[in-house]
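The data below hold one chain only, encoded as structure tokens and taken in the form predicted alone.
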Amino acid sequence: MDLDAITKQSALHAKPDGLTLQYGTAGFRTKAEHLDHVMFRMGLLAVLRSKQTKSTIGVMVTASHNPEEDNGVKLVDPLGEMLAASWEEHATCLANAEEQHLPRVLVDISEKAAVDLHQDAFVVIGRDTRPSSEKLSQSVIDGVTVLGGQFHDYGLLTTPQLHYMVFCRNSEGQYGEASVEGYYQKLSSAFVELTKQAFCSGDDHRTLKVDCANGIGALKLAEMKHYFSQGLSVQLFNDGTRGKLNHLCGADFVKSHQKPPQGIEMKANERCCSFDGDADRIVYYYHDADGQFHLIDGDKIATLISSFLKELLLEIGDGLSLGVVQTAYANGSSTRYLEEVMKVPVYCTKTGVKHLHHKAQEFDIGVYFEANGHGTVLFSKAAETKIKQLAKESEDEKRKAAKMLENVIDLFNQTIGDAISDMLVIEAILALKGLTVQQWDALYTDLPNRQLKVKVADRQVISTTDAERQVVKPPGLQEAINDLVKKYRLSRAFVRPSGTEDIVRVYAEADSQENTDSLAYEVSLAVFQLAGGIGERPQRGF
């Protein structure tokens, strides 16, 4: 490790004084102008991680659903998964080190992680369409090269595509070909194969309007759509030619505001969906005949997919375990429908994709979706092997179901939530089952819910347990929430501290919107009174 060369190169990517950042589930995110030094240092870290794991590591330059002026970076581990927690700490330490301490921190990380500095390193890099992303990607490359790493710059990619590239390279092609073309071929051929026998009630049923958030998803879906055009016609809106990234559009906007994005024309009962800025989230929606907006979020996506998988598993009858993983934010109606109607076991974890992903890996087939539309289906290696064996050897009906499951395996980008692969799976299931968007929506009725925020002097006064559904401290707060919940039908509420700022997030649901709003207000007031609220007291009507 040439520390003098690193010091000289780092001076060209100097850290601003007083800036402190934390690596979390989303990596680093902040205003783009503050990130040059972080990108350079994540290039350095990616090389160390590659040497330690003797594998290809990915670096993705994106800020997902954040505004266009923001940017960010996340590292991708060898199997296409998120960076290991112990290395999140290394990332935070490296990003925040003052210039004069950078060489020492690099040596410390190398020693703590037992990195063989003589080992070769290879890093792959992708970026979204933000104006700042190309320059910041170059800063990553500067970090990789000064530490002697080799790299391949894929340029513009969705976040899930970069995860796919990393996994393909480290599986020596067994997962797929590590190219954009390979990604398109794998997903589209599985979709076409799966939908061959679909019952179709008319051409209009097979058309989908896609809001691409003026992001990278528009470019990639435009390149890909001709591969499956006979089975599905997609019309792209907010494709980046006019609008601003994530501005009044995209999955996060639609989910948060409970209304359609700007820039899309919706007719009654037309299926529409929205990606987020880096195409790893998806939500569906439609207008009914009366013009009322209906959102189909991650809970209903998980319900549709897991119901379909359950039917196929019953057909093959091989005892493979299926589990659905949710967070406390999942609508209570979805949990009840899965457990009581579909007889599918549901498990709850702490908020954050890494917690959901880890739990889903405990099953032969694990389904997880956050309500915001970020999720996927994970198949264990044993389940994958068994399904592929049954697809070759079993009698007709069982073989047919196993073959469909095999196509589903190929359709899912199992390393991370992927809006494009999720969209294709959803469209295949709707076609195979002959379901309209209204029939899908009618599987169950969401309970009204409300999310609020309460400013507090110190968020650390709140600690929780039971997947963040129960408050441990401050004393008396959980008892107060319990008493308030008892006042309303079909109600529940929980509070949890933000991971990044001194606010407490409040979630409530009940049998009516009026009761939900009352419960949310009363719980917010209890938080304000018992957890050191500051500023204006919560008000009715928000």
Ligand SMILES: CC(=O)N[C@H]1[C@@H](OP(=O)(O)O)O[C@H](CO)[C@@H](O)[C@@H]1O
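By rigid core we mean the largest C-alpha set that fits within 1.5 Å across both forms. All residue numbers refer to positions in the sequence shown, first residue = 1. From a predicted model like this one, the values you see are computed outputs, not experimental measurements.
In what follows, reference is made to the form predicted in complex with the named molecule, a form of this protein that is not presented.
*Asks:* Counting any non-hydrogen atom inside 4.5 Å, which residue from Q9, T25, Q529, Q22 sits next to the named molecule in the model of the complex?
*Replies:* None of the others qualify; the residue that does is T25.
*Asks:* With the named molecule left out of view, choose which of S55, S498, S512, T30 has a non-hydrogen atom within 4.5 angstroms of it in the model of the complex.
*Replies:* It is S498.
*Asks:* Could you tell me which stretch in 387-395, 105-113, 138-146, 364-372 has residues with non-hydrogen atoms within 4.5 Å of the named molecule in the model of the complex?
*Replies:* Of the stretches listed, the one contacting the partner is 364-372.
*Asks:* May I ask you to check whether Q100 falls inside a 4.5 Å heavy atom distance of the named molecule in the model of the complex?
*Replies:* Although the named molecule is absent here, Q100 would stay clear of it in the model of the complex, with no heavy atoms inside 4.5 Å.
*Asks:* If you check in the model of the complex, is G240 within 4.5 Å of the named molecule, heavy atoms only?
*Replies:* Result no; G240 lies far from the named molecule in the model of the complex.
*Asks:* At the 4.5 Å heavy atom threshold, is I296 in contact with the named molecule in the model of the complex?
*Replies:* Looking in the model of the complex, residue contacts with the named molecule do not include I296, since no heavy atom lies within 4.5 Å.
*Asks:* May I ask you to check whether K300 falls inside a 4.5 Å heavy atom distance of the named molecule in the model of the complex?
*Replies:* Looking in the model of the complex, residue contacts with the named molecule do not include K300, since no heavy atom lies within 4.5 Å.
*Asks:* Which residues within 442-456 place at least one heavy atom within 4.5 Å of the named molecule in the model of the complex?
*Replies:* The one in contact is Q451.
*Asks:* Taking the rigid core as the reference frame, is the Cα of P497 displaced by 2 Å or more between the shown form and the other one?
*Replies:* Yes, because once the rigid core is superposed, the C-alpha of P497 moves 2 Å or more between the shown form and the other one.
*Asks:* Superposing on the rigid core, do we see a C-alpha displacement of 2 Å or more at Y507 between the shown form and the other one?
*Replies:* Comparing the forms between the shown form and the other one, which are aligned on their rigid core, Y507 does shift its C-alpha by 2 Å or more.
*Asks:* So, does E468 move by 2 Å or more at the CA between the shown form and the other one, with the core held fixed?
*Replies:* Yes.
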